[in-house]
Each structure stands twice: as structure tokens, then as C-alpha cells.
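First comes one chain, alone, set out as C-alpha cells in the form predicted on its own.
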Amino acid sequence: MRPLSFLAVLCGVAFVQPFVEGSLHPALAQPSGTLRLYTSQPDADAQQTAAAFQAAYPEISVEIFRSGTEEVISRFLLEAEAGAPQADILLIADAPTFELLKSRDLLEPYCSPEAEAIAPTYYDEDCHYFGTKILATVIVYNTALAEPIDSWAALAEVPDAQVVMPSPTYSGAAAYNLGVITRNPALGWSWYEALKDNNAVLVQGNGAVVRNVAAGEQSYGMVVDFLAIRNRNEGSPVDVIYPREGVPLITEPVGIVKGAANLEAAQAFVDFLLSQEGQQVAVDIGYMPLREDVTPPEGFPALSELTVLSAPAAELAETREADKARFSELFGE
């Protein structure tokens, strides 16, 4: 764990604000007003997250703009380049996107005291963004139509347009997967080329992947695990496989926009998402928490049991647009 003194130096007075016992509310700060949240969370999840935050901070109202990560960031960058960013805070799929924003000096550093309960690997060492949950990309299959397969290699060989996956040009998770998988020596670009040869179907987001597989439009899909597990637990004819080669992980980080109009509310939102209360909200929605003192929801493997496929976030940020362009050319998007 990072020593307390390192965070304390970076956080300054944020660490010495007294807290009311048993409450998230700092005794000397009562944020209020409007918090403008840009997010790629599924709409119902974003609404539930905002409602729980507003219950903890009733003086704050949350306005949400929601879309896929790539569209959220495109809108944010257009506003920032015009000198008028509208968002106070961003909650989007993956760390490489935040690395890109950090490199452009578009994020406000804030070292949340709640970060002490989270492993340092899940947040930026300069406190520009923090992971909020664990999302692994896995294989989902229709239990009435298909047999389980145990590897990404086997998925790429499924013929006849029976595999569906989100497009990296819309989904931040898919863009992250593209960077990680194409840098994996055992998979690489040849894995995507095999999917193309077998007429894999592209959709915009992970939600559409689960819907297609549950409806039997395709037998297999590539999807973030929480959506597939949630659908399985609700009775859909789907099940989940964590491939033996490993799984890419994203953490849906949160970060404050530089020059945020409501900085106090944005800091309170970061604190809330990282707190025990906020992590329990994530679990109640169906996500794997980052904090070890919060029990994961039913149906998830222990984090220690997962083989993780990864690549440096800064490198993925640098090559993201080139990777997406090559993918679009391959699939004719």
C-alpha cells in the first residue's frame, strides 16, 4: 500500500477536514448546487448511483449526460476545446481514456481520503482519477443453443455470424480490449481477423451483446461480466465463461474536470463512490467492488482467481485512435 504520508502531502487540507462520525459528510464542508455528470454507465445504473449520492448529499442535484464512452469523450473534448466544458465530473469505462485527458491537462487532481482503502494499482498515482469497480470482459453464451467454450481462441473459430461483440468505436470497454488483446502474443490482430473471417457481428454497446445472446440472435458474445451475470441471475438463458487465457479488466474510473463549476460537489461524488456506502451501492446494482471490506455480489469469482490480461494504460492511450482506425478498416465500419 502507498504510505499514508504520500497521499497526505498531495491532499493537503482534504485530509485534515474532520468528518462527522458515521457519516460521509465533512463537518466543515456541505457541498450543494448542481453536479453535472458525464458517464458511460448504463442509464438505469447511472440513475441509481446518482439517487444514492443525492440521498447522502440532499443539497446537491445531479444532471446526467449518458452515452458510450467514445461519444461521451468526443462531446467533452469539443466543449473543452471551445473553452467551455459543461461537465463537473466524468465516470467512464477505462483508465487509458483518463490518461489521455490527464496528458491534455483536462483533469483536476483530488486525493480522496477514501483511496486509502483501495489498492494503488486501481488509481492514478497523481490522483487525477480513481477506479470505482471491477469489470472483466468474458464470454457469454446462450445455454439453450450452444455448448460452453473455454477460450478466446475457440470463440474466434465460431462460424456463421454466431459471435456478437461491441464496437471499439462506441464502447470504451471494447476499445480497451482491442488494445490489450492486439498486444497479447497469443492473440494479437490475427484473433480479430479470425472473428472477421467468421462474420462476427458488431453492435454499439455491451448491453446489446447480452440482449442478442439471450434472444438467440447469436449463440456467443464478448461482454463485460456484470451484465451477463445480472441477466443470468434474472433468469435469462445465458451463462458466463472466464476464458483460460485471461480476461481484460477495466475499473470505470471517476475523475474531476479541471475548472469544474462545482468542485466541492465533484469531490464529494468521488468520496462517495470510493466509500463503503458507495461501494455497497455498486454491489447492490450488481458490480464487483474495489474495496476488500465490501462483499462482492453473488456469482462473481474472487479477484485473486482471475488471470488478468493487461497493457500499460499510457501506451494504450497513445495508440487508441490508431488501433480503432485499423479495426474499423478491418471490419468495414
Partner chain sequence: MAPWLMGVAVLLAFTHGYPLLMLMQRALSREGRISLENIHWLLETSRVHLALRHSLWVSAVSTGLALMGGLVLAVITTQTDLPGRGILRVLFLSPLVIPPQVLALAWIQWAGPVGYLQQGLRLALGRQGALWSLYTPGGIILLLSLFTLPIVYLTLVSGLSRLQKQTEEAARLDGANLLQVWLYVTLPLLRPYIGAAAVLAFLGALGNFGIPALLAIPGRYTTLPTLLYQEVINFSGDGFGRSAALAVLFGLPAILFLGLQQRGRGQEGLDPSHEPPERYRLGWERWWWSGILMGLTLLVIVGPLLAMASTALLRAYGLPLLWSNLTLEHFRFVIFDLERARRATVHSLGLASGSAVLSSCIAVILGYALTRLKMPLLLVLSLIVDLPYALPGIIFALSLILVWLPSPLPGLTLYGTLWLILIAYLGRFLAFSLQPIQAAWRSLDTSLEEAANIDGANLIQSFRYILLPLLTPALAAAMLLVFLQSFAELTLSALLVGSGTETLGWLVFGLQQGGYTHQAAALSTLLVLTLFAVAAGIHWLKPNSAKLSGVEEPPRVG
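Everything numeric in this text was worked out from a predicted model, so none of it was measured. Residue numbers count along the first chain shown, from 1.
Unshown form predicted in complex with the partner chain; subsequent notes refer to it.
Chemist: Within 4.5 Å of the partner chain in the predicted complex - does that hold for a heavy atom of every one of 58, 258 and 267?
Modeler: No, none of the three is in contact.
Chemist: According to a 4.5 angstroms non-hydrogen atom cut-off, is residue 271 in contact with the partner chain in the predicted complex?
Modeler: No, no contact at 4.5 Å.
Chemist: Is it the case that residue 235, even though its partner is missing from this view, gets within 4.5 Å of the partner chain in the predicted complex, heavy atoms only?
Modeler: Taking the distances in the predicted complex, the answer for residue 235 is yes, it comes within 4.5 Å of the partner chain.
Chemist: Are any of the heavy atoms in residue 244 no more than 4.5 Å from a heavy atom of the partner chain in the predicted complex?
Modeler: Answer no; every heavy atom of residue 244 is more than 4.5 Å from the partner chain in the predicted complex.
Chemist: Do residue 229 and the partner chain come within 4.5 Å of each other in the predicted complex, heavy atoms counted?
Modeler: No, residue 229 is distant from the partner.
Chemist: In the predicted complex, which of 258-266, 207-215, 179-187, 127-135 comes within 4.5 Å of the partner chain (heavy atoms)?
Modeler: Only one stretch passes the 4.5 Å heavy-atom test: 207-215.
Chemist: Heavy atom within 4.5 Å of the partner chain in the predicted complex: which of 89, 107, 200, 155?
Modeler: Of 89, 107, 200, 155, the residue with a heavy atom within 4.5 Å of the partner chain in the predicted complex is 200.
Chemist: Just give me the residues of 80-99, first to last, that have a heavy atom within 4.5 Å of the partner chain in the predicted complex.
Modeler: Contacting residues: 81, 82, 84, 86, 97.
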